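Single chain ahead, written as structure tokens, the form predicted on its own.
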Amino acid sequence: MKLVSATKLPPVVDPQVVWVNCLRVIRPAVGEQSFKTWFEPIRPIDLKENTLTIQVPSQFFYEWLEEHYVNIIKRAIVTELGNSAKLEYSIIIDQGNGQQQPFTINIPQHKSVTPSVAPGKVAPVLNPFDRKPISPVDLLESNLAAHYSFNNLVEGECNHFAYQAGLSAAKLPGATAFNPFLVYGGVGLGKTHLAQAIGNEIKKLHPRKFVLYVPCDLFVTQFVDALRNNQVQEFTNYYMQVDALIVDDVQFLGGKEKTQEHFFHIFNHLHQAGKQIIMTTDCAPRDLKGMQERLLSRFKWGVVTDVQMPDYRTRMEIIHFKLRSQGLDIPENVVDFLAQNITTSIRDLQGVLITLAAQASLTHSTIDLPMARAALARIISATQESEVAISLDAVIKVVAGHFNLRPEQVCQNTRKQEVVQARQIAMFICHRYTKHSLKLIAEAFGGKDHSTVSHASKAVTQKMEADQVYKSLVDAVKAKLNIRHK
């Protein structure tokens, strides 16, 4: 008797299992807070013919995922189901009630399924040296995130010069005094946004130019791999073809002698060829550790500028801009509350807005002051603990005492050198380390114009960078006020 072999049926795949495996890829890529806000509420509901359907709680939720997390979701699904994988959203339009089921609509994921880059991350440049000379197709491989632009970068006193200088460099890359262009500042103050905005502007104005954005740690990794694989010449040649090179967090070159050596040669070649070089770092060049002196000197060939924490007025503008871009309507007292209390970084400010928007979307409620207070209680508490709880009068008094002056002398309109120095340092500390607006600070110093405060703060910052003795003097005053900020 002839035996007939049974047809092997494809395994039944549970959408819940698929989604759990996808979340293992997504979670480390987006961070814990974003994961809890945007991915924990998602429910997998169907899987047919390699199309995974996930349910999201609102239209706003869907739009946010598509705008900010679509690539990492695609990458996770392709990893789990293969290159033919597709994604479909089921959006809850009406939550329903006890007698009626929620009303939903299904929307196919409409963007390309090819995995690219996760929000806030940078796609690694795989085998960048195994290529022919640059072609028009290669010009698209910039690693820039399209959402970083000058259009959504709010300009204020904190970044005015850096913003304008970056815009000038983008219009005539490599042909202005802003080359190299190095911007430094603390975490979350917009350095990466500015650097990538310059790159995107160059691409828009000069579409034939090859713009390349690379985080410094990736540059180091690529060089180590090239060294290991005897491809150092290919590595160097690849970077020497770039028309505009953007290196983020260049402080990671510190202590890496061989990498610095090759970066030095790449830098020299690009600069001599009239190519644009843009760099970011977390501190002024003179404070970079483990860096060759000849490299540091080249960093200063062009323009070195900083970005600072936005003042109250600029924070208000940032919040209003973010609200408009997200289609949200928040009462002005809530906007004021956020601007007054979130003073750590622009990134924190944006994160708080996202949290409130998600909470309002999930609960179908309106954002008001009680919600803002409740949602931000822990964040604001942590923020306030890290701030310096000092008054303007206290700053003036301590600075006056340090320079053997009376407090009223510090506020006098005089050009005596010892008073001018004390007044500028006091204004700098009030501007940098208190939550008060420039207008209030100016009033505390005898009704001066707010631009005087801004000028004094910049003057002190620049002098601290150039004069170590002067920096020690300012640090001594800060120590008396228990200021331990960097």
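This structure is a prediction, so every number in the text was calculated from the model and none was measured. Numbering starts at 1 and follows the sequence shown.
Keep in mind the form predicted together with a small molecule is missing from the figure; the text below concerns it.
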Just one of 259, 176, 192, 361 has a heavy atom within 4.5 Å of the small molecule in the predicted complex. Which one? 192
Contact residue in the predicted complex, chosen from 365, 350, 237, 325 - any heavy atom within 4.5 Å of the small molecule: 350
So if I measure heavy atom distances to the small molecule in the predicted complex, which of the stretches 265-273, 154-162, 229-237, 334-342 falls within 4.5 Å? 154-162
Considering non-hydrogen atoms and a 4.5 Å limit, does the small molecule approach residue 148 in the predicted complex? yes
How about residue 76: is it within 4.5 Å of the small molecule in the predicted complex, going by heavy atoms? no
Does at least one non-hydrogen atom of residue 186 fall within 4.5 angstroms of the small molecule in the predicted complex? yes
4.5 Å heavy atom contact, residue 443 and the small molecule in the predicted complex: no
Which is it in the predicted complex for the CA atoms of residue 218 and residue 68, closer or farther than here, knowing they shift by 3 Å or more? closer
What happens to the Cα distance from residue 68 to residue 357 in the predicted complex: does it get closer or farther than here, with a change of 3 angstroms or more? farther
